[in-house]
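Below you will find one chain, with nothing else, as structure tokens; this is the form predicted on its own, and questions on how it binds or moves follow later.
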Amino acid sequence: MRNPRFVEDRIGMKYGAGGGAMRALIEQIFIGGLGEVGDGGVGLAAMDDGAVLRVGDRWLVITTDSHVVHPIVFPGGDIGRLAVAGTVNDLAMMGATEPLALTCATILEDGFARDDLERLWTSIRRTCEEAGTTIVTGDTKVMGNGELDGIVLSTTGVALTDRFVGDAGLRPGDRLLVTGTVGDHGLAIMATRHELGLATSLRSDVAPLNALIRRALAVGGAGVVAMKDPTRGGLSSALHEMAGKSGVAIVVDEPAVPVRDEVRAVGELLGIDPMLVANEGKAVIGLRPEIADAVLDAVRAHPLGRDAALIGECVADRPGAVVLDTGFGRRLLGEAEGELLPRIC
């Protein structure tokens, strides 16, 4: 579904934030004449979590991302863990749960501390081990003092899979599963960035999800029909993309959406809905109704999926809409134009 938003003459922060404005930028500037793939693959125009190319009788999945989080170290993780987990998770969202390898380009600001760099690369190595992959090549650049805010990491991941899963395979009656609590990453970053000094255990959820998704695919098989990781723009943006591309509406059971008490409290304090906030260790999975309960049980049996829940259902009315059922009534769930919290991942 094409995005009707008009891209302004000057590109502001909202255009890199994962919401509707960024999708409009990609559609109006980047896609034209690029990314066409044949043989049933997936290219740039699909705006999915990665590209898919036919290689013999298998599919090669490729994804790339850049990471500009501030601060670079936060409760529960750092920019190094974020870079590896984010790339591994994008591959997993396409059904590719065994990453062959990653690349990593590092751009540093003049004067960046060696000790800090070594700590970040220790974190990168540990997260690669956790995900069962490694970094095989990369690039290093240094920019002048004040020309960059510390460090930027750009990663690419590749993997092979027998069956890929896009984000547009939903149909009426399908169920939506979220693999855990929402809003953890974004609100942990916000609390740290602004030194709110809140007496909470708020931590980012950043983690590689490929083992968890592998389990869901093993149980659900062809009944797993769509996946998305709710990063920038949060759960709301992921659901809007999935609904719009699939030509269905999604009715979300608000009481079923798992939110930690401390996340809810900080969100209320700051006036931010956790469903609009980035996650870095969660997935949204679209399931045929007959296998939904079995996949939920399998996901909950994994340490990263203990708080998983079935949160909604697809319907035919109002294609592209996301409707929030509060238990007392229904309303449309809005999607942020851009990320409420910039430089979150």
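Since the structure is predicted, the reported quantities are computational estimates derived from the model, not experimental observations. Residue indices: 1-based, along the sequence shown.
Only in words, not in the display: the form predicted together with another copy of the chain, which the text now covers.
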| query | finding |
| --- | --- |
| In the predicted bound form, D65 touching another copy of the chain (heavy atom, 4.5 Å) | yes |
| Contact flag, E268 vs another copy of the chain in the predicted bound form, heavy atom cut 4.5 Å | no |
| Contact of E36 with another copy of the chain in the predicted bound form (heavy atom, 4.5 Å) | yes |
| 4.5 Å heavy atom contact, A292 to another copy of the chain in the predicted bound form | no |
| Answer range among 206 to 214, 113 to 121, 236 to 244, 170 to 178 for contact with another copy of the chain, defined in the predicted bound form as heavy atoms within 4.5 Å | 113 to 121 |
| Heavy atom within 4.5 Å of another copy of the chain in the predicted bound form - residue from V251, V73, I135, V257 | I135 |
| Complete contact of K141, G144 and C345 with another copy of the chain in the predicted bound form (any heavy atom, 4.5 Å) | yes |
| Residues in 143 to 174 with any heavy atom within 4.5 Å of another copy of the chain in the predicted bound form | M143, G144, G146, E147, L148, D149, V152, S154, T156, V158, L160 |
